[in-house]
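Read the single chain below, which is given as structure tokens and is the form predicted alone.
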């Protein structure tokens, strides 16, 4: 009788739960675990922490607005991971997140880390939304779990070369020679190779390509070489610390090319760099991830971030913010926390509630085909969009030095 009574009690409890409104049932439901994986220590810690900040702001907003409504208001819970600026550590963090039951992962900032973490996540069919990593190898391996929201370095480099050529042609072609300075990992090397292969066809002579380690704490020898070569245009492709130090060293040695025209520059699109090193930043052009400056939501998030002590509104912040909302939209439509369901929802995404200069999201082989960079310039202590005209806030100043 005891077993029968227990069975009847359990059945009654289940029936009562089923009779509750969906929202009431969800209050006791476990949160959906989302891996938030970035290099928050090591050489890339500055960008990694900004990436985590953007993801966390979005997650908090989503939960405050009612969570996943199609699942009765279930909340998202962050599983925070630190890749320590090393791909192999990123892989170890993915293993932990799998054991902890992550339904998806957002991250992992650097191309080399993203390449490793997406592959590791694929073993467990964990959907991985790539926030920043620009190396196109990330999305050309046929991984069904990988979705990159922003543009890769091929699209970005092509846009950069085209826009450089437009500005140079309008200015009657004062710039003819180029020096490329890049960091040594997948991102910098891949970007430099694309530039070196395409610039000559547009009439530019690549005088020198210089690779440097991460971290690098002294650019004096590289800048001395730059002084002897005297290129019309210097193109940096590196992370924040090295980019800032390179331009400061150029300023100290009074090396002033006709233009500093960076591609995916780690500091040129940073309000921190503009504030702390205004003289070195002034006039710098960059082709990079950027928000639609005419969208009020982007400006509202900027105010929110800048109200936080010591924080700056960078592409790491707003790309991760948008990626978390992209993932939440997929879970909302999937009505499920199952990995396969979320992957299918991401693959069919037409999400358009972002504030990026993109159209509706459409993934082909894991790449958002509508993603595109903007061309920016530091002018009068601010960062302004100069190209394309659809999003431009002001006219470019090119060349910077006549």
Partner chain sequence: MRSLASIAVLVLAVGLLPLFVSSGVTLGFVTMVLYATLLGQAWNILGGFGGQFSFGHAVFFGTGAYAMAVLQMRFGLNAWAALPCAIALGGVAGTLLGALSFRYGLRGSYFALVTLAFAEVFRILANTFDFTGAGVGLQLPLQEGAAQLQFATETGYLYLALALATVSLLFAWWLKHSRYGAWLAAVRDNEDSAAALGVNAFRVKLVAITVSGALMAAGGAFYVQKFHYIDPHLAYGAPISVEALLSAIIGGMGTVFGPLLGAVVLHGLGELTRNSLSSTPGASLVIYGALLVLIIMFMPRGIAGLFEGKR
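Numbering follows the first chain given and starts at 1. Nothing here was measured: the structure is a model prediction, and the numbers come from that model.
Not on display, but discussed next: the form predicted together with the partner chain.
Asks: In the model of the complex, which of the listed residues (171, 115, 71, 159) lies with a heavy atom within 4.5 Å of the partner chain?
Replies: Filtering the options by heavy-atom distance leaves 115.
Asks: Looking at 41, 365, 348, 369, which is the one with a non-hydrogen atom within 4.5 Å of the partner chain in the model of the complex?
Replies: Exactly one residue meets the criterion: 41.
Asks: Which among 161-169, 74-82, 294-302, 262-270 is in contact with the partner chain in the model of the complex, heavy atoms within 4.5 angstroms?
Replies: This holds for exactly one stretch, 74-82.
Asks: Does the partner chain, in the model of the complex, lie within 4.5 angstroms of each residue among 96, 99 and 141, using heavy atoms as the measure?
Replies: Verified in the model of the complex; spot residues all in contact, yes.
Asks: Tell me, yes or no, whether residue 63 is in contact with the partner chain in the model of the complex, where a contact means a heavy atom of each within 4.5 Å.
Replies: Residue 63: no, not in contact with the partner chain in the model of the complex.
Asks: Flag residue 91 as yes or no: does it have a non-hydrogen atom within 4.5 angstroms of any non-hydrogen atom of the partner chain in the model of the complex?
Replies: Output for residue 91 is yes: heavy atoms within 4.5 Å of the partner chain.
Asks: So in the model of the complex, is the partner chain close enough to residue 283 to count as touching (4.5 Å, heavy atoms)?
Replies: Contact with the partner chain, no.
Asks: Would you classify residue 189 as touching the partner chain in the model of the complex, given a 4.5 Å non-hydrogen atom cut-off?
Replies: Within the cut-off, so yes.
Asks: Could you run down 45-67 and flag each residue that has a heavy atom within 4.5 Å of the partner chain in the model of the complex?
Replies: Heavy-atom contacts to the partner chain in the model of the complex: 49, 52.
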